[in-house]
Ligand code: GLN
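We begin with a single chain expressed as structure tokens, specifically the form predicted on its own.
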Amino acid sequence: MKNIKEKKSKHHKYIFVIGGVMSGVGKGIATSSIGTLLQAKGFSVNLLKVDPYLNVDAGTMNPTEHGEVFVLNSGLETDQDMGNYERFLNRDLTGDDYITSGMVYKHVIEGERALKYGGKCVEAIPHIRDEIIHRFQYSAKINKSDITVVEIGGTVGDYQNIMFIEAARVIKVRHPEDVIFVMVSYMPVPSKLGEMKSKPTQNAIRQLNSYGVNADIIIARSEVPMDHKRKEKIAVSCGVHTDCVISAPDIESVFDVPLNFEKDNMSEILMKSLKLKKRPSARGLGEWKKFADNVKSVKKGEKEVNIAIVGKYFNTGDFVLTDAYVSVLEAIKYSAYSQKVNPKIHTVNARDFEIPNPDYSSLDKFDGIIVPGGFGESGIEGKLNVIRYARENKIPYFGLCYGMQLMTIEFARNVLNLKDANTAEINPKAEHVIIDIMPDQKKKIAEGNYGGSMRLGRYEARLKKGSIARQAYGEDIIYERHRHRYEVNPEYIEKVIAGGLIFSGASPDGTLMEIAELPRGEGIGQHPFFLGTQFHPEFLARPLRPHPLFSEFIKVAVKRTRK
């Protein structure tokens, strides 16, 4: 990162969003909604996520425990909240909009090793703190924004995020009129009591106060709306104005959150707190409200489409979570809503199709099947069995990254009769290695260097005329985001094409296969929709701009529903 002088924030504003009581209360959606509201008022906003863990990025973390890894255009592997930010703001973010403790400590330690600090004793205060402040300011400068909204990960009271809160406190001390703090806290309603309790939030605010920070706005998350009496109690106990206690009850759709905040005049409170005036360029929330109203209308309607996600990152203990595939789920929704159908998404564990004599007929009830990205051997044979059933029974199939690699292997095994076909990730000694690792990455893997060892970020692809992909995009050249180590083995490309599978998208030099598909139709060797992408199209799906491949998939799935 380039060194810059400290930016005087006389005109630049900061909003720091901190969680209270427990994790999972919705800081990411709250931060995204704040950005949406301010953007609608005509301000240039950048959203910045702080993750307090010591990982340098999110790339090596278990998706079952941490959720989806979201990849930016730059190739940086980030927390799934960055996906929420992009979807709500309807634009791409940069690598400077994401910070981890690992990034900060790594940079400072490398500077110390290079004598950057001139022999001084390098300490958390001031060096770590000041590097954090520098990154906050650098992100604002790069984005040329009016307002930076910073979500500090974790919950107040966590040891890991104290340094980030301290950095925010110092910025507040230096520029008191340009910084506000928003706490997203939880207000439980115990079933046996039947009354909303404010004490956990009061304690969370006191914990924040002990760091020298006072909340300016409290977003009160709960199962039900907060009444005025509780607002007054929180206001008196926590030292904020009653109007600055925002009710955030559970609602059916996250797309209603910005609109729900506006019921309590959130945008006006933010602007008043930061001494801002509405910009002439304000476009309002009309487009967003139109989308949210359409979602409600579709959910009330009778038109449905049933989509199966066949994966392995669902189970965590006794619970089934879908955070590992959140971008895929959202992409399905946006395309379905745009076509006025309600998506019913079903999670299917790939391991259920690895047992002897699995119940394949259970797949017939689905109008479309998606095999998303993933790594490793677990569940692979189950996925291959599902893919074969979808191909042979004309069920619309969409493979994403690993899902595209597996559909190519399945085609090689069962159409080309290459029974030992496999991927080098699973069996590098297979007779027919259809999917192999990129040569320039083999050295990194041999050295055990897995972090950042993939093809990551935005890459160009050329589309084949007359293909499903070309028809869906309406363009010859596309740019999509990647996250993988393995590619279709060049030694088998011609053989696979000769067998009837089309590689409808490829890198500009023609060496890397980006999209595979069967010809559209109902005849032998044809399929209504049997398509896979080496990239992750879900990363570019937005509420106001659904992804064309997901939309084409949903369109074909809806036709199956009607049949």
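All values derive from a computational prediction rather than experimental measurement. Note that residue numbering begins at 1 and tracks the sequence as displayed.
Although not depicted, the form predicted in complex with ligand GLN is the subject of the following passage.
S.K.: Could you work out which of F291, Y138, F375, Y360 is the residue within 4.5 angstroms of ligand GLN in the predicted complex, going by heavy atoms?
M.R.: Exactly one listed residue reaches within 4.5 Å, namely F375.
S.K.: Quick check on this chain: which one of R483, K233, K333, K312 has a heavy atom within 4.5 Å of ligand GLN in the predicted complex?
M.R.: Exactly one residue meets the criterion: R483.
S.K.: Looking in the predicted complex, is ligand GLN within 4.5 angstroms of a heavy atom from every one of K49, N161 and F164?
M.R.: Checking in the predicted complex: none of K49, N161 and F164 is within 4.5 Å of ligand GLN.
S.K.: Would you point out which of 98-106, 257-265, 144-152, 400-408 contains residues with a non-hydrogen atom within 4.5 Å of ligand GLN in the predicted complex?
M.R.: It is the stretch 400-408.
S.K.: Taking 4.5 angstroms as the cut-off for heavy atoms, does H536 touch ligand GLN in the predicted complex?
M.R.: Result yes; H536 sits at the interface with ligand GLN in the predicted complex.
S.K.: Wondering, does E86 line up within 4.5 Å of ligand GLN in the predicted complex on heavy atoms?
M.R.: Contact with ligand GLN, no.
S.K.: So in the predicted complex, does E425 come within 4.5 Å of ligand GLN, heavy atom to heavy atom?
M.R.: Contact check for E425: yes, within 4.5 Å of ligand GLN in the predicted complex.
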